[in-house]
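One chain comes next, on its own, written out as structure tokens in the form predicted alone.
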Amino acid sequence: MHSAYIIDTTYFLPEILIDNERINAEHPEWSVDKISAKTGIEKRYYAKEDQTSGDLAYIAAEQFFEKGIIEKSKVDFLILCTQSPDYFLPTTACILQDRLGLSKGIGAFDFNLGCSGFVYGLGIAKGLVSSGQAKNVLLITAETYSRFINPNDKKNKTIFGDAATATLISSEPVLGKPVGKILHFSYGTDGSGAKHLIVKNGALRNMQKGNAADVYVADEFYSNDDYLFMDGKQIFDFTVFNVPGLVNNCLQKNEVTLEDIDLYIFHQANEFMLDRVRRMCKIPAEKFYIFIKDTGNTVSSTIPIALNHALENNVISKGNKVLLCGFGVGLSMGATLLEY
């Protein structure tokens, strides 16, 4: 069995800035201060009309290769986490293999997960590396959730942004820089809550679009079946009542205690939810990393973006233990421990 390490990560935010002032101009009843207080988010970014998740993924990957950490020829597996692929088929990862100029001798596939996707992707990558199927796995997360948001849906508009990240998982650490050894995982799934965060129309269950009535609930939701629907209360309840048990299970699997962890990086859903789940988990505020104000909720990209930011700002150093936890659409959750 080979060990697997996170070598480095990078991220890309598209060009269209959606700040709170813009949302306030479109929805005057929501002040700038109200948006910030409810979400902890001040700005988020949208892809241009002609940009797909595959385009964002390509840019993030190219930026990663520009760091010079690895040659493209050394990558032997490509994994893309996205819920907004370029096509139903073929898999966007295969298109990226060609666009990036990677070897034709690699494996490549997409997998469909949201806010827990990065942790699941690390689990897949570790499995490939540990079993000897790959030495260097490029894990990409990319979403254009902006395509799913009704223009009049002021609630989801304040939360979600588009982004892509690229992370290298390898069997060999890089000398001279902190790398994260990937340890044990814990997972959880409750598909009975799938309806609470969903885009109903467009795929094979409901292919027809444009025939759904608008839905209003307590002036908070504006959506229809063609767009993203999120029942915030149900997602909140799932998170605060299930994540603490998941975290404890992950700690037990890795034979560490809550106090042994130097930093916790959770999916950056919104600041209110993060504060509540932190307190439910009994994690000290100084060990709980939040980086959402300038990016918004970028779904599967929030954890690698926050991880990148923590590393770039020397918040993580050699010898640190970092616990990652993702949760959301599915309903799905996952956690793992990194040892630097």
Partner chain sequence: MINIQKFLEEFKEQYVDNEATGMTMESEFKSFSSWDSLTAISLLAEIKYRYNVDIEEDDLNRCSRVADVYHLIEKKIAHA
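Just so it is clear, the structure is predicted and the values come from calculations on it, not from any experiment. Numbering follows the first chain given and starts at 1.
One more form of this protein should be noted, the form predicted in complex with its partner chain, which is absent from this view; the next part is about it.
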Would you please decide whether residue 236 lies within 4.5 angstroms of its partner chain in the predicted complex, comparing each non-hydrogen atom pair?
-> yes
Examine residue 188 and determine whether its closest non-hydrogen atom to its partner chain in the predicted complex is within 4.5 angstroms.
-> no
Using a 4.5 Å heavy atom cut-off, state whether residue 241 contacts its partner chain in the predicted complex.
-> yes
Give a yes or no for residue 254: in the predicted complex, does one of its heavy atoms lie within 4.5 Å of a heavy atom belonging to its partner chain?
-> no
The listed residue (293, 38, 67, 287) that reaches within 4.5 Å of its partner chain in the predicted complex by any heavy atom is 38
Of 270, 97, 84, 224, which residue is found within 4.5 angstroms of its partner chain in the predicted complex when only non-hydrogen atoms are counted?
-> 270
Pick the stretch from 275-283, 302-310, 55-63, 42-50 whose residues have a heavy atom within 4.5 Å of its partner chain in the predicted complex.
-> 275-283
Can we say 34, 155 and 232 each have a non-hydrogen atom within 4.5 Å of its partner chain in the predicted complex?
-> yes
